[in-house]
Ligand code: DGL
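A single chain, nothing else alongside it, follows as structure tokens in the form predicted on its own.
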Amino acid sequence: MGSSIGIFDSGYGGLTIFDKIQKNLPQYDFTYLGDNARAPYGTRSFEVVYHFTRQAVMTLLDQGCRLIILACNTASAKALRNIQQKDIPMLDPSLRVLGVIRPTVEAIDNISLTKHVGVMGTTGTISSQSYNIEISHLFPHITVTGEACPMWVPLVENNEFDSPGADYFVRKHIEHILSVDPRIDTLILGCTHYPLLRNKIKTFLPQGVALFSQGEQIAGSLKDYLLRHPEIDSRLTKQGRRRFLTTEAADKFSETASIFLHQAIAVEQITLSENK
């Protein structure tokens, strides 16, 4: 049986990843699932994020997805390892669940000249130290500084990311992380919402500091993954279909999703699968 590529996020931010992936792989079928009713995940405990993410993975599995991308830094940080090691062998050994942190990190050594890197993320992603761990594993010579930016997601979801009101919250975190380590020359946007703040962030970034967002990197990494795993690629259907699922009201999701995708979409409301 053929299957679509599942893309999961706690809310809307994963649409920035989805948008780049679908442009890179337009012929593939995709099913996007947002757990908007329980978003945001950024401040929740490891246990709760794992429980919620596991339900989402099982729901996408029930929808016929055999390759699932956790397009959510918090879920990638707090749930991916458990799902890969504990759940997949029991649920379906042919299932593949991939995160967004490792593919993001893989490009960093080529971008940073000073080998001092900053990560802007949700409280959950920063406190998990996932970027620090992944970067030190791949590139032990790189120094990593994290900065939690709890107000950035609400700014995006309330369509305030270009407003003067966003200036204070953006400037505050940029100035703080660069005061902690003035040698930082690369900032990773470690949350899928943050690309919408890109223009605002750039206005407060000193010259010589590069801004690195995940979308293009994840899309390229997935394309490469499918080339390296033809046995997985052959199971994926390629009719250019898109489905959007949400745990919130469909009309609310559709309205906010247009901020990220710049187009109207049809959305289905869904209830997540309970634990098996």
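All residue numbers are counted from 1 along the displayed sequence. Quantities reported herein were computed from a predicted structural model and do not represent experimental measurements.
There is also a form predicted in complex with the ligand; it is not shown, and the following applies to it.
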| property | result |
| --- | --- |
| Stretch in contact in the model of the complex with the ligand, which is absent here, among 65-73, 236-244, 217-225, 23-31 (heavy atoms within 4.5 Å) | 65-73 |
| is_contact(His193, the ligand) in the model of the complex, heavy atom dist at most 4.5 Å | yes |
| is_contact(Thr125, the ligand) in the model of the complex, heavy atom dist at most 4.5 Å | yes |
| Heavy atom of Val153 within 4.5 Å of the ligand in the model of the complex | yes |
| Phe52, heavy atom within 4.5 angstroms of the ligand in the model of the complex | no |
